[in-house]
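Listed next as structure tokens is one chain, alone, in the form predicted on its own.
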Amino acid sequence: MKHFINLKDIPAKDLRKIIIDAKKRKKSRQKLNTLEVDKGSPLKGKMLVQMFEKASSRTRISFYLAIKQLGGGTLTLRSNELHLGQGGESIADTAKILSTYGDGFMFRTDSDKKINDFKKYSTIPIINGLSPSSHPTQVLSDVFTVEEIKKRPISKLKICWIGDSNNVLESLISASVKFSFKLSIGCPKKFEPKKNIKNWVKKNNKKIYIYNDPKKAVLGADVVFSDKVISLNDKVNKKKKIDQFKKFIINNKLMKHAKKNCIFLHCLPRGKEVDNEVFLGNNSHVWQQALNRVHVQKSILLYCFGKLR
């Protein structure tokens, strides 16, 4: 049984296998309608339980389509519909109950501890749909998108992140180690990645490049990533934080420091960190990026169910 909780914990060769499978599956679906099932119905009879403690659009819809296209089904729950560690039922008991009813559990949570507790007590694969320190399904799909557009291994490209040091960036940093690509990060000094993350990169004999000047970060980039500066449940002075990121707004003036054919990606939803001329411009591929989550998550499901070809 394999879990998909943090890119740090998954062998690089397995991550590459998932991407290779996703490429084949996307190609084979070119003439199929949205709910038509992949040839062979590889997950026929399987049920994925999804639970959301945080709001979700792309993760919810893409996992629904992913399991359906593989021939299985899904049950979507909200945490306030279950006991989930409240009302006298422990997370251990909830995990065992879900393991009895479902074949896999995709959890979008506000607590890293909760997802690790589910992993400890569950007898079915756990997939992290987002947690405070990780968004692995998003970032693996982003690697897929970069290689699809650039038609080159990501290891041969310079990747840039402009924005807050959040869970998406933490997973992108993990990906930079696993896939050996150069990653430059542009953010205010106060919002740099935490020391434990930097230490993990160093421990793996890799390096990330951090700049407090966005122009230096984006210089020569093949891809520029960003995310909303104010996250959904960000408990900060929002006006003050937005002010601190004013110099890091992604516009055409900043993008001119990147390579001419540099692409822009954003995991969505967007805020004021990018202006319309970039977000809706010719070098933006955010809609393709969002759609690709279905294809990659199908291969993640197959990996977790032990059916990755």
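Small disclaimer: the values here were computed from a predicted structure and weren't measured. Numbering starts at 1 and runs along the sequence shown.
Another form exists, predicted together with a small molecule; not displayed. Remarks below refer to it.
Note on the partner interface in the predicted bound form: the residue among 268, 37, 47, 242 having a heavy atom within 4.5 angstroms of the small molecule is 268. Site annotation in the predicted bound form: the residue of 138, 145, 174, 94 reaching within 4.5 Å of the small molecule with a heavy atom is 138. At a distance threshold of 4.5 angstroms between non-hydrogen atoms, residue 30 is out of contact with the small molecule in the predicted bound form. In the predicted bound form, the small molecule lies farther than 4.5 Å from every heavy atom of residue 276. Within this chain, residue 283 is remote from the site of the small molecule in the predicted bound form, having no heavy atom within 4.5 Å.
When the small molecule is considered in the predicted bound form, residue 293 lines it closely, a heavy atom lying within 4.5 Å. Note that among 38-46, 260-268, 242-250, 64-72, the stretch whose heavy atoms approach the small molecule to within 4.5 Å in the predicted bound form is 260-268.
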